[in-house]
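Given as structure tokens, the chain that follows is alone and in the form predicted alone.
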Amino acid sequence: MAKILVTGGMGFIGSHTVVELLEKEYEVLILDNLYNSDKKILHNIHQITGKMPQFIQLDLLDEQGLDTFFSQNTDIQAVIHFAALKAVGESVRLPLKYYKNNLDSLIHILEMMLKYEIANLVFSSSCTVYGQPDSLPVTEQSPIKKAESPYGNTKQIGEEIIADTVQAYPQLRAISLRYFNPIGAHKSGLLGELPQGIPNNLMPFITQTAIGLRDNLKVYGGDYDTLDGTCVRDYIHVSDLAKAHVIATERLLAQKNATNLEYFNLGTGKGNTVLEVIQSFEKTTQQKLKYEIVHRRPGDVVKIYADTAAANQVLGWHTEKNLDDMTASAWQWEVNYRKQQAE
């Protein structure tokens, strides 16, 4: 089977995608600097699949190290590029860190793909490229508005870099997957979201509050024009999302892409408020959450959810899991992980 490189493959979405690839018998290489992940994830991937992917700890900003790696692995047939910093709030505070890391790493990957004649790229993009949309649901043809955060802007610029590159070098093919809000965890309870330090994303903050690591959960903004005043997002189970990356990779390998650069929204097509996520968590886990509604957070979009028709029809991809599946699996992961830590 084809050899696939997964950058950021020890991270939340990356590790789930590695599992899906291994279960379909692909040979997988992981590049990760472990900035926001843990080497123990490798053991958990092996436990789930019975297979051990090749792991190289490397920062994509290290051009010389990257060149050495690619020169030793000239038979890679596709790259799935996850490696990036991803916290909206942090990106507002530390914009230069986000621009340098997210854009330079992408440029370095594209340079290596050209140098070592690797044709296929699946890019981890985001619904943040749409900014605050004029109408919902968001389709792939929705206008790209000014990004609400530096993080979102790195995804917009990243897509522009890829578009310019595939136009200049038609031997390259890319699919940009614009996903909405991934949450949940692998059904085994062995993989999930593992932020270093205080979480920036909702779900790990919920689970860490429930398990007693955080005093309480802050809900940013309770006065938005939504059902209950809190932000609306299209939450998608991480395992559903991981499967889409495998399908996109296979589309490129089979050269079924209609153009050299395709875009697909990945979500459930349904929006949920932050309070609805909290209610689902309390229902599925029987855990009472301590939370408070505080001021709005800079960079947050009020509401957004996906039109997934293109991914459904063109990729043949559909989500299988609902919000309760997401909250229940995230809690199972949190409990398992803390138990592992204590042993």
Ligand code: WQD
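Heads up: residue numbers just count along the shown sequence, starting at 1. All values derive from a computational prediction rather than experimental measurement.
What comes next is about the form predicted together with the ligand, which is not displayed.
Shown alone, this chain has one stretch from 113-121, 233-241, 258-266, 132-140 that lies within 4.5 Å of the ligand in the predicted complex by heavy atoms: 233-241. None of Leu202, Ile175, Ile76, Leu172 but one reaches within 4.5 angstroms of the ligand in the predicted complex through a heavy atom, and that residue is Leu202.
Ser126 is the sole member of Ser126, Ser91, Asn153, Asn101 with a non-hydrogen atom within 4.5 Å of the ligand in the predicted complex.
Although the partner is absent from this view, Ser105 stays clear of the ligand in the predicted complex, with no non-hydrogen atom inside 4.5 angstroms. Though the partner is left out of this view, Val274 does reach within 4.5 Å of the ligand in the predicted complex, counting heavy atoms only. In the predicted complex, Val246 stays away from the ligand, with no heavy atom inside 4.5 Å.
Though the partner is left out of this view, Lys187 does not reach within 4.5 Å of the ligand in the predicted complex, counting heavy atoms only. Contact check for Asn181, Tyr220 and Arg297: all three have a heavy atom within 4.5 Å of the ligand in the predicted complex.
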